[in-house]
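Take a look at this single chain in structure tokens; it is the form predicted on its own.
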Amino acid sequence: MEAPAAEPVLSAEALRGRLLRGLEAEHVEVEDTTPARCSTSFKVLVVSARFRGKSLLQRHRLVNELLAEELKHIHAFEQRTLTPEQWEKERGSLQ
């Protein structure tokens, strides 16, 4: 009899690392938005060159596919996906 598969570690840092590695991201921000910080609701910003030439839906699918196992245990997930150029433009307008 096989042991049940272990649930993925759900934390802002674990998700951040997975997104950085899996999408070769230059910048990732992950915020646990669960009121008690119990890791069931997250808001993420991902900046990756892999998003170039992709629609918003395609970008979100890349993130969702990468985090498929984690998303089974997350109740709310908000994401912003930007190319490096969009990120630079956005940051420049804030300065």
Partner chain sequence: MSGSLYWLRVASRLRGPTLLWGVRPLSQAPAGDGSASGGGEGGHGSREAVERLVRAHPVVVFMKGNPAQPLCGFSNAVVQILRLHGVQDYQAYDVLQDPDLRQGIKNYSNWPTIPQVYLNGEFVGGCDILLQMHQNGDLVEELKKLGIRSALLDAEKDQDKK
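Just so you know, these numbers come straight off a predicted model, no measurement behind them. Positions refer to the first chain, counted from 1.
One more form of this protein should be noted, the form predicted in complex with its partner chain, which is absent from this view; the next part is about it.
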Triple contact flag 10, 14 and 27 to its partner chain in the model of the complex, non-hydrogen atom at 4.5 angstroms: no
is_contact(residue 50, its partner chain) in the model of the complex, heavy atom dist at most 4.5 Å: no
Contact test in the model of the complex: residue 75 vs its partner chain, heavy atoms, 4.5 Å: yes
Contact flag, residue 80 vs its partner chain in the model of the complex, heavy atom cut 4.5 Å: yes
Non-hydrogen atom contact residue 60 with its partner chain in the model of the complex at 4.5 angstroms: yes
Closer or farther in the model of the complex, the Cα atoms of residue 36 and residue 81, when the shift from this form is 3 Å or more: closer
Sense of CA distance change between residue 31 and residue 38 in the model of the complex, threshold 3 Å: farther
